[in-house]
Ligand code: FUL
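Quick setup: one chain, the form predicted alone, written in structure tokens, and binding and motion questions come after.
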């Protein structure tokens, strides 16, 4: 279908060129490579949206439920979707994507194909429909409405059988036909039961075709799109090189998806247009937890995420989880308003004014003049003749100006082209050009950061373009710098480790596992357990494991945790348990026991790793003392 579309566009441009030549005008460049659809272009221009994770996990304080939770735990006292929409609108977001059904199978609407829904909860006496409330609120506030439905369902008895795919399609159809227009359908490939659990073979073609049959404009998210793609991490950054093209043939969402580097950077000659969406959370986890009320990301960190997502040819989907009342917590909404003000302040005054010149212009035509970079029309642009693949644009300003940001845009309706460029500034003291910065891709939008420079001339040199370059925007700014305010990881209160001894593994450097410092990981054989001696019998309410913070790391994914008072008789506290979402979001994992236990020894046994390595990584192992 895409190849046919490109051929049609090419034929249209050929005809257009013939007609223009008859009028002594210059034909526009032919489309290059695969192109975005009209709906993908609309989606890309949205730039910044809200993710909402809400469900039983909000009340059980876990990241992934197991489908066995009593639906009666879902009982928010003051759900207000209008508040969510008002916050999103005020934050500058353009749409909201809601977790209509997460991996536990709980449906936020009264589905006819499940018995694990809001209908079985006490919320609104079982007569509520959260999707209706949110879709109505989005309409009221002028926001687009999107839905996340997990194919994985730990509650439905048919999961793991061929019948389930049809049930999931019926579930999809309910959502896609009852709540108005859906701008984005969010899929992940989670099929996490593994290790003896149920295995479901998803029919992705059936799922995608169901979406398009009901919502043809919807952009479908997954590791392989086809509408937009995951960026290979949940920390909030896409690659400095980011192609909107991706090879998806032979891959599927989840464990069989492309490698993280391909997801992060795209493929320069990818056969499909699958632009990046960067998804991350304003808190350490995806669902609300009262323990993270003081761990909302700093303004500086969120600004950094903005630059490493929207500023690198991606959209940003920022998760803001409502609390147990059903409202966005004041700490989160306050930070969002600070972020909105910071973005507005940073890009309020465009300093790019003066005289623009280019080393080459297509047909020397005013239609493609470099001055088009200054107008407000998205569809006007500067470009060169077809054979010109390297070119420069120079801006001469009337006075010296100080700035630290440069914004560029390619005209992506004709394809993504630029593969490398650099920026020079005129050193007025030495009367020479000096290198300011260099980069690879541009795409829909690229924002470059660099130390402040004062000059009256800059030059953008395109040093490698796959076809004649086409730019439609150039802006420069002098923005405030916002300190990051700490690391990505949450800051936890320190527990005294006096008297602790790590009995296994016996190896050099193993003591780093219990030193309380989140630094370099220790690598341990996958057959060896972590055995911790606390020095005295202690009353515990849980434990924590800090993995290596990289999606390609071999971390513990499934585990057994045991306790003992004498290092001889052991109690299994949890068996074959899963660290929730640790592959995609490898942050500290806090696990609560079902009841407090008295123990001197704690043993963590690896059962399954996030990949097939012979060893696993551990940064920290610790315990949570009972209060």
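Here the structure is a predicted model, which means the values were calculated and not measured. Numbering follows the first chain given and starts at 1.
There is also a form predicted together with beta-L-fucopyranose; it is not shown, and the following applies to it.
In the model of the complex, beta-L-fucopyranose sits within 4.5 Å of a heavy atom of residue 51.
Within this chain, residue 234 lines the site of beta-L-fucopyranose in the model of the complex, having a heavy atom no more than 4.5 Å away. Residue contact with beta-L-fucopyranose in the model of the complex: residue 592 places no heavy atom within 4.5 Å of it. beta-L-fucopyranose in the model of the complex comes within 4.5 Å of no heavy atom belonging to residue 425. With the partner omitted here, the stretch from 571-579, 61-69, 554-562, 34-42 that lies within 4.5 Å of beta-L-fucopyranose by heavy atoms in the model of the complex is 61-69.
The partner is absent here, but in the model of the complex a heavy atom of 188, alone among 323, 188, 133, 304, sits within 4.5 Å of beta-L-fucopyranose. Proximity to beta-L-fucopyranose in the model of the complex, defined as a heavy atom within 4.5 Å, holds among 473, 116, 297, 102 only for 102. Contact annotation for 138-156: a single residue, 148, has a non-hydrogen atom within 4.5 angstroms of beta-L-fucopyranose in the model of the complex.
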